[in-house]
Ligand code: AMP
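What follows is one chain in structure tokens, specifically the form predicted alone.
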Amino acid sequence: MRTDLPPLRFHNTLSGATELFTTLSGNVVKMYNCGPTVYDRAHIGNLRAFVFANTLRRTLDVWKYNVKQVINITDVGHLVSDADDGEDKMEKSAKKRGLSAQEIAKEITELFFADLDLLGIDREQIQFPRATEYIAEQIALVQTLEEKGYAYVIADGVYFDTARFVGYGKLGNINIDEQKEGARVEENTEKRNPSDFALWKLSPKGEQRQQEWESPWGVGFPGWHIECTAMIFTLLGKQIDIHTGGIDHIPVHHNNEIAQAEAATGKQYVRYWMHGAFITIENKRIGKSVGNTIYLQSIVDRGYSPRALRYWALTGHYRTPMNFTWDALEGANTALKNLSRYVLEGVDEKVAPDATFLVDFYAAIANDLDTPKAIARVWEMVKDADLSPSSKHASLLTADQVLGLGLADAQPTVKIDFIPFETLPEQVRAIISARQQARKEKDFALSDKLRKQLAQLGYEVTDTADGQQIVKK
């Protein structure tokens, strides 16, 4: 660990306070980030969690910790409700698309990995275990809980008895007395307590699932919560330093993880729980039913850098809700281009970063990853007339070791001869005018459709601060 940098302090959901970060063992940090359930492609709201986790990872790297990082791939066991009822999300997606659950998992996992690559997340540093690869470990953990008296069997599976675990709901101070049947969960008359959760689900009688395994309790599949704990125990050990996820994981998923893990070992499971807030799109929740789902590829298809989404995400604190708009992304994309220009203006490897800037930048990052303050300080630095272009270049590249904006890959802008509007064919001019009006009215679906029409006619359009610019493909 670097002693020349300020000590790291992170907000711990478990205590509700920002705490000094210390490790379980020397210089090693064991970190687990809740990963995707690969039944459908991750949208930009999902991806914010991984920008946060990667920024945390980059910070730990800069502070010279030895990080062991795991992001799980849930490819079985995540049911459509917290009630441990309904269809498995993987099985449901497979039926809907006429593919196998394994085919769905492979396709969506590859799309997820492609998104991580575009966001500048180095997958070589991370382990990505699949839940289906650790079935034996999950069964063994359920057996341990059963032997210790924390699990019981009913008609549809093996459940964890939350009444036996003192302190259930301590993460986020969840009041389990308020978790009545029919509220968080649907009524299950065999369960001892409304908050009890499935460790192993038995396959419905007379129905063969695509993914099911033999177990001491019968043919079935693991519960969603047991997967994470079993993989953590196997890959990172019985106790870890950091566990991240979205705020939606706090009430149920992460409290259930704590209960089953600490019941099995008698030790504290995770030292620092860190949770990221949601984003909305145009002040609406993200959802297919709302019709506003945006994928990273959608951003790329509109001519924006995928790192612009990362930049935009970093302008808000990870624990603060954010509202995505295309105007905000446009601003982020422009800001990213300008930072790249500053990087290219002065290249002298002998010039060091500005020391005063780095003190302020690292202080912001050390204070619970205050990226908005850190980015504000970046802009103060690049606009400082007393600093040389080379000093700004070195300072930006050093800061980007944490921010991950890909500034080191900045390339000089190639001059392009754009076609004057008045010289274009009448049909092309009409489409361009219609597209300009669609963008003004924020009808981006129509804008994309018109872009494709231009492409079919052999023209490529680029949206800039000065309007649409056209080149012949």
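Numbers follow the displayed sequence, beginning with 1. Every value quoted in this text rests on a predicted model; they were computed, and no experiment measured them.
If you look for the form predicted together with this ligand, you will not find it shown, but the lines that follow are about it.
Quiz item: Each of Tyr295, Arg302 and Arg435 near this ligand in the model of the complex, meaning some heavy atom within 4.5 Å?
Solution: No, the whole trio is out of contact, none within 4.5 Å by any heavy atom.
Practice problem: With this ligand left out here, work out from 57-65, 420-428, 40-48, 440-448 which stretch has heavy atoms within 4.5 Å of it in the model of the complex. | Solution: It is 40-48 that comes within 4.5 Å of the partner.
Self-check item: Close approach of Phe278 to this ligand in the model of the complex, 4.5 Å, heavy atom
Solution: Close contact exists here: in the model of the complex, Phe278 approaches this ligand to within 4.5 Å, heavy atoms only.
Exercise. Would you check, heavy atoms only and a 4.5 Å threshold, whether Ile286 touches this ligand in the model of the complex?
Key: So Ile286 counts as contacting this ligand.
Quiz item: Does His249 make contact with this ligand in the model of the complex, using a 4.5 Å heavy atom cut-off?
Solution: Result yes; His249 sits at the interface with this ligand in the model of the complex.
Quiz item: Looking in the model of the complex, any heavy atom of Ala410 within 4.5 Å of this ligand?
Solution: Because no heavy atom of Ala410 falls inside 4.5 Å of this ligand in the model of the complex, the answer is no.
Quiz item: Within 4.5 Å of this ligand in the model of the complex, heavy atoms considered, which of Gly223, Gly157, Pro353, Gly245?
Solution: It is Gly245.
Quiz item: With this ligand left out of view, which of Arg307, His78, Arg271, Lys392 would have a heavy atom within 4.5 Å of it in the model of the complex?
Solution: Comparing distances to this ligand in the model of the complex, the residue within 4.5 Å is His78.
Quiz item: For 360-390: residues with a non-hydrogen atom within 4.5 angstroms of this ligand in the model of the complex?
Solution: Read in sequence order, no residue approaches this ligand (within 4.5 Å, in the model of the complex).
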